[in-house]
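In the form predicted on its own, a lone chain appears below as structure tokens.
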Amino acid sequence: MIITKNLSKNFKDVKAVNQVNLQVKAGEVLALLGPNGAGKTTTVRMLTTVLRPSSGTAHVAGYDVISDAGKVRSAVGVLTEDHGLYDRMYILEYLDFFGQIYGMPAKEREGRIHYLLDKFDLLDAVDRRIGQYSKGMRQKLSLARSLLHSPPVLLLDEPTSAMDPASARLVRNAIKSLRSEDRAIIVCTHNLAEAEELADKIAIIRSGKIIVSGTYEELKQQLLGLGEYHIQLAKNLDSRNLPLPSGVAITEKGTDWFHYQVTDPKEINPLLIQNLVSAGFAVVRVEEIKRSLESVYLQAVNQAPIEEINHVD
């Protein structure tokens, strides 16, 4: 659905985007992360044909962003930081106006508008001008506008910005449901917990270049090393030796617990538990020690080499 190859954008002597390679398939959500000024917005603007690439290629929904710009715009729904809402309009006439721009028949526009207003809990706001809406309501209206023509590609910049927790949850659930509708979605966000919840793949951009990309599990292993696990025992370890199979390395130990790293958890964890039980250790629980996306992100931005886990097939 979205494929870029060496996509680049220069502004005079500044390389705002430097040979970016991305692939987002139908049904996938990609979280594009990076510090302010890293190149996220410029990348999205090229994918929406607002900016012309300096070099490289990009295809969105099968269309080239340069030679098929009109078709790309019809196939994309965009939520930007600057919503561009018309404050003096009412919500029904506003969405109907955009529906006409997309060439939607009147009956289709009416049904789609009602569906989206209900989905985003905006039906009670139809009698107020848009200028009277709160920041969260304006964000939901902008998202409804981006979905109006049922586009196969969505590019969302900070989709839950300024929302209360209930509204943010509503929007995140909506994005999850859109994944099942055969859409490709790129979400640019500074909310790392949100990115971890929504994304199938993550790409981190720094100084215009993708420095790492892959699944959350791949990035954790690449940037943070082997996973670490916690085992809680029913009784104290005392001076007994732990029956550790090959591939297990103790990292920390308490009176009735220990932490360890393992090269192949699917194969070795069951063997470790079996060994412990056979040796008389009563195992209360085994759990992976949580490693947050924040840790992955900070490691990538501050220390990671400029290398990708390449997913451009």
Partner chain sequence: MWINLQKAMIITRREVRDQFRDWRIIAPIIILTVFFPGLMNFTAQQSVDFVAKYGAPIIADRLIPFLLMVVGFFPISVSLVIALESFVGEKERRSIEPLLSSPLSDVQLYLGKLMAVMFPPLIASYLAICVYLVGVYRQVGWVPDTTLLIQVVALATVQSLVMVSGAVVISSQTTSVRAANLLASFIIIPMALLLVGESMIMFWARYHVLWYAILGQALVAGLLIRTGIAHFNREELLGRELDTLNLQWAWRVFKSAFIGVPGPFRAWWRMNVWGTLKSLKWSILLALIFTLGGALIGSTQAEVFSIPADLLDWENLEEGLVTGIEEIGPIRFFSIQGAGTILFHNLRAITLASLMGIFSFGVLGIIALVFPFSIIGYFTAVAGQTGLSPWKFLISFVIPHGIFEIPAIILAGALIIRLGLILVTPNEEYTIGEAWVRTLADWARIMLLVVFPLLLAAAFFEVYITPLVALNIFSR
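Positions refer to the first chain, counted from 1. No experiment lies behind these values; they were computed from the predicted model shown.
Beyond the structure shown, there is the form predicted together with the partner chain, which is absent from this document and is the topic of what follows.
Shown without its partner, this chain lists Glu93, Glu218, Asp164, Asp121 as candidates; in the predicted bound form, only Glu93 has a non-hydrogen atom within 4.5 angstroms of the partner chain. For the residues His83, Lys135, Arg169, His190, the 4.5 Å heavy atom test against the partner chain in the predicted bound form is passed only by His83. Remark: of stretches 66-74, 30-38, 250-258, 283-291, the one touching the partner chain in the predicted bound form is 66-74 (heavy atom within 4.5 Å). Proximity of His59 to the partner chain in the predicted bound form falls outside the 4.5 Å heavy atom cutoff.
Put simply, Ala174 is far from the partner chain in the predicted bound form: not one heavy atom of it is within 4.5 Å. Shown alone here, Tyr115 lies farther than 4.5 Å from the partner chain in the predicted bound form, counting heavy atoms only.
For the chain shown alone, Pro105 is not a contact residue for the partner chain in the predicted bound form, no non-hydrogen atom being within 4.5 angstroms. Along 44-78, a non-hydrogen atom within 4.5 Å of the partner chain in the predicted bound form is carried by Arg45, Thr48, Val50, Leu51, Arg52, Gly70, Arg73, Ser74, Val78, in order along the sequence.
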